[in-house]
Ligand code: ASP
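Quick setup: one chain, the form predicted alone, written in structure tokens, and binding and motion questions come after.
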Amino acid sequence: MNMNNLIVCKFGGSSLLNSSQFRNVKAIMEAEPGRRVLVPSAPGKGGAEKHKVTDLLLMCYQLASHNLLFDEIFNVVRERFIQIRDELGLAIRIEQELDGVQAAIAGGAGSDFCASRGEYLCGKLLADYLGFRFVDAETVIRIRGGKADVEASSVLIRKKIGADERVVVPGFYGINEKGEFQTFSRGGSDITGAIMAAGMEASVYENWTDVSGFLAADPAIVAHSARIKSITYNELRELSYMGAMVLHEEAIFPVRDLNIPIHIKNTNIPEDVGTLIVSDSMAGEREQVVTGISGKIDYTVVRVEKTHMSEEPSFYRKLLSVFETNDIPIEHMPTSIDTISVVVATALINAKEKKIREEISIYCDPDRIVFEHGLAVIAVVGRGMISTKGTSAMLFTALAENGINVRMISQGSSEMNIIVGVSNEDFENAIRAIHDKFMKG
């Protein structure tokens, strides 16, 4: 970990809903002197606020791009920022900024520019409220090929921001290689925060949201899910791939190689411990074998059978090329000596099933092709699984005891996860059974 005591704080849209939430943010920033860099999202929705500011701005863009009036929608944005300003008793003339944004939209500004203005305007208010310097993300955040250019951004960050300065840098957007405004995908303020943490060589990157960190399983399925106090970057990647999302998955990369931990915290309950995301080298011993469980429903298994397929060097390449040329990403691919199962999202293959079947038949000449729908895929993740005997036995015992049939098994080469496939209708019961077996002793 970097010995610099600087803390970069990113606050999500739910943390910046209104003036009351702004006050919470100020209290959090002032509670720890090391919190000197703040990255805001645009105000979100919740309570009396029915819409996210970014959604409103994108609707303004859509209407303007079709030469339709958008003033009525923009006035909702205008009134929201003015209300926050007035309720906080600030003197900043936010009307001038709003007028500039409205004129830009009317003048044909691109969708990325329009979408980014919620963060920009929010940053302006926060900088004035906190007494921090406002640093526009367009001056320090660089994007190349649609991804964060951490190296180029870090150079600009260190050039334009002093090590002891207190600054607000809007999240979600930057400038691409063409010199144009570009946003990250939704939730991309997480990425901006990570870039700032890397560029400033922060001791920790605090990501403030409306939950107190990660849970071991979806609380909509497991009512009293265990809380994860610590998780490694690699474990988080495995879980987020299967649908467990609190943090934008691209936010990991800028800080991982620098061993900068990410701390997920709750703006509304700042005293909660939250979840600390760390590198493998910083992770201590853990009593729990399994860190978390996540999954998704509605997959299709394409089972291809051919005697002696392993003796045909080009067989796998030919099979995979069928899916590639049909733009269907492969999720998992368990194999045996004469059978290979290709797992794909049902929504992506449904309309192409007949075509896929025909192309596999032509190109691979298999003995049999079987499509099986209604598969749910569950990832059981934990770095403790590597050295703990009997983990698989416990997992399958938990499922058997609850009358759940396992339709597919796949274990990652890292031995950090076990993937099991069950019927859609067994999905939630399987999640609960696994959670109760590993998280409740």
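One-based numbering along the sequence shown. Because the structure is a prediction, the values reported are computed rather than measured.
FYI, the form predicted together with aspartic acid isn't displayed, but the following is about it.
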Of 224, 186, 133, 357, the one that lies within 4.5 Å of aspartic acid in the predicted complex (heavy atoms): 186
Position in contact with aspartic acid when the complex is considered in the predicted complex, options 172, 299, 214, 208, heavy atoms within 4.5 Å: 172
4.5 Å heavy atom contact, residue 52 and aspartic acid in the predicted complex: yes
Partner contact for residue 238 in the predicted complex: aspartic acid, 4.5 angstroms, heavy atom: no
Contact flag, residue 379 vs aspartic acid in the predicted complex, heavy atom cut 4.5 Å: no
Residue 42 within 4.5 Å of aspartic acid in the predicted complex, heavy atoms: yes
Which of 397-405, 369-377, 30-38, 52-60 lines the interface with aspartic acid in the predicted complex (heavy atom within 4.5 Å): 52-60
Residues from 109-126 in contact with aspartic acid (non-hydrogen atom within 4.5 Å) in the predicted complex: 119
